[in-house]
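Just the one chain here, laid out as structure tokens, in the form predicted alone.
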Amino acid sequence: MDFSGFYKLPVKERLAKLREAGKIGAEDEKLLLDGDALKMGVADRMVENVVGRFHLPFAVAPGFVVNGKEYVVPMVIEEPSVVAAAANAAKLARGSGGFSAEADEPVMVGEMQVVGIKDGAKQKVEEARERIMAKAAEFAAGVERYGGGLRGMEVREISTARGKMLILMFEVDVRDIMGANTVNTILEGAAPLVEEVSGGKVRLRILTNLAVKRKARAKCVWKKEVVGEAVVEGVLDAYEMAANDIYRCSTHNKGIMNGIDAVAVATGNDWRAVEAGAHSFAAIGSYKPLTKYYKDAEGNLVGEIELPLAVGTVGGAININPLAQVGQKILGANGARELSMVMAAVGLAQNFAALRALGTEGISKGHMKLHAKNLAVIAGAHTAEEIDAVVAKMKESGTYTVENAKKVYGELKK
């Protein structure tokens, strides 16, 4: 399906394109258009103290090729430049076959904390490993039906200001769900036996968002003749700054998460968990970039990314929020692993686009141009006609500031 010029189309024509491509149906189109997909009654039952619903733009970035398969990527975000940057980076990658990606099996880790232990407690737990694993497995029946289940247990002893503690780490294959509730249920079910065996008191029973057993990786080659020598050198210099300066590295990784979080929200996934996992993974040893860049033998730019991505295609908010289901349908991933691979590719694309801009013309020029519609609204424009008129005038002047937007709008009103 050819999505060239997609961003120039009116909203209804974009939706028509998605329908033509088989990404959405008539009911999906209605949900995306009417702005009332999440009914108040449903929202009121999702969280406490509901007083309304908060809206964000739901966009798509077409043209992503990952492992030879073409995706239209749903993104929910308020930042104007993110969707355009991701789509452009994907377009530039197509000449070399797009992105290659892989993901680990969807194994989540849950931690059980045992306090008040005496000498020999760790050995007792180790000796009772088979009993504890069998008890924990009783509470994994739900995920076992889909091919998942308990995969292992590790026991550690740590010294703290509150005394020695045991940490039991349970590994659970959660298949196509994110897995938090499943892991927590397993831990809580096994806790009484662990107390009996260890002689201590079980306190925390909770999964960790540092999902190092559930990482995704993506790689892309941007050809020198496509992006230009200046871009290759600029990206490499920008990457080296991030690799050697923590202040830059923080923003470098934030840019990666701009794309990944937007996909997580659009598909009903827990973006806070994804953020926590990514940044804690980046901080193992010392805080470092989640991506890396280098030249291949032909002088092309190679980018790689690796990070934990605990996401699902079923369960949680996905089953409740109709728009999350539409997002999953548009993306068309066959399971959580495939979703994580696409998200990793989006993160790499987002990072490349940011470094390309930073290392050449600077971030503000393109960013503020894409921000023009927001500037027009801030200046007072309300209708689509007024917003487009203000944007056109700013484009003529080449000055994208709030002050200029207000000046242009004032002149148009006269």
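Start at 1 with the first residue shown and count on from there. These figures come from a predicted structure and were not determined experimentally.
There is also a form predicted in complex with a small molecule; it is not shown, and the following applies to it.
Heavy atoms of residue 175 never reach within 4.5 Å of the small molecule in the model of the complex, leaving it off the interface.
Proximity of residue 376 to the small molecule in the model of the complex: non-hydrogen atoms within 4.5 Å are absent; the residue sits far from the partner. Contact annotation for residue 313: none of its heavy atoms lies within 4.5 Å of the small molecule in the model of the complex.
Residue contact check for residue 268: none of its heavy atoms lie within 4.5 Å of the small molecule in the model of the complex. With the small molecule omitted here, the record of contacts in the model of the complex names 243-251 of 243-251, 226-234, 99-107, 149-157, defined by a heavy atom within 4.5 Å. Across the proposed site, 86, 87 and 361 without exception lack any heavy atom within 4.5 Å of the small molecule in the model of the complex. Of the candidates 60, 381, 66, 355, 355 is the one whose heavy atoms come within 4.5 Å of the small molecule in the model of the complex; the others do not. Note on contacts: among 306, 111, 275, 79, the single residue with a heavy atom within 4.5 Å of the small molecule in the model of the complex is 79.
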